[in-house]
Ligand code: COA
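Quick heads-up: it's one chain on its own, the form predicted on its own, in structure tokens.
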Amino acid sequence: MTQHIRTETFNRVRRILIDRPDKKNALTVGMYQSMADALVEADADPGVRVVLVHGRPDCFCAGNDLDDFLNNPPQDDDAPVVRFLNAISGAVKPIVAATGGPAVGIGTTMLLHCDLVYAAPDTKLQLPFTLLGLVPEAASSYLLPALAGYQRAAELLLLGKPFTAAKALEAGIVTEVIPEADVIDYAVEAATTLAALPAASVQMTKALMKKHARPLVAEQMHEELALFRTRLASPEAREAFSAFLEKRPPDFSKF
């Protein structure tokens, strides 16, 4: 377990805390692996009924650590990021999330697999895949249109601009917007309430709601990943990543 992912169990709730505030909780390969392991272990542990995921009230997740990501791209289905996506999308037990501050890339797409999501008003979500010359991940190209409708999803996925917690609430990504000072406590209360309910009933209800989407989610993630790997090697992606690291606007005019 990397030092930047901390876990604990309380009241039959497994907390997964993303704790790398100096890098705005940008995720490394090691962090993905730790979160994947924590989710798998939580599903297998009869003493755990609910998973709670959060960062600090003012910082959820700024997406991938680009230096780490470029040095360790997901080459196969055993890559830590793929294991994490498989674990969160296939989780049997309910997942509650609390967000605040940046929620970029995977910081937004992972929320589509959570069952309850509470966001502070200052949450800034973004799906910047086209801006980086890439394609969406985590079956977001399927789940977001299903949640928000095609037009809203197209705006968020095609333009890739940041959007607010209020807009995420309208799109169905977020369950409720809660004041920053209260958002984590609110999510803890919701997780604890869920954990006190009959576990079999809760898990069966989640399974029923997810039943028809699960195979489609798995298929879409597989297709997205194949295209994502191809796009990583594209001239547009190389220019986008170079521009980001050099802190300049990308120039796509030659492509």
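What you are looking at is a predicted structure, and each value in this text was computed from that prediction instead of being measured. One rule holds for the numbers: they count along the sequence shown, beginning at 1. By rigid core we mean the largest C-alpha set that fits within 1.5 Å across both forms.
Beyond the structure shown, there is the form predicted together with this ligand, which is absent from this document and is the topic of what follows.
A residue is said to contact a partner when one of its heavy atoms sits within 4.5 Å of a partner heavy atom; residue 188 fails this definition for this ligand in the predicted complex, lying far away. By the criterion of a heavy atom within 4.5 Å, residue 105 is counted among the residues contacting this ligand in the predicted complex.
Interface residue remark: residue 34 is not counted as part of the site for this ligand in the predicted complex, having no heavy atom within 4.5 Å. This ligand in the predicted complex comes within 4.5 Å of no heavy atom belonging to residue 194.
With this ligand omitted here, the record of contacts in the predicted complex names 56-64 of 36-44, 219-227, 56-64, 205-213, defined by a heavy atom within 4.5 Å. Proximity to this ligand in the predicted complex, defined as a heavy atom within 4.5 Å, singles out one entry of 142, 84, 129, 163, which is 129. Contact annotation: of the candidates 231, 12, 24, 238, the single residue with a non-hydrogen atom within 4.5 angstroms of this ligand in the predicted complex is 24.
Once the cores line up, the CA of residue 246 ends up 2 angstroms or more apart between the shown form and the other one.
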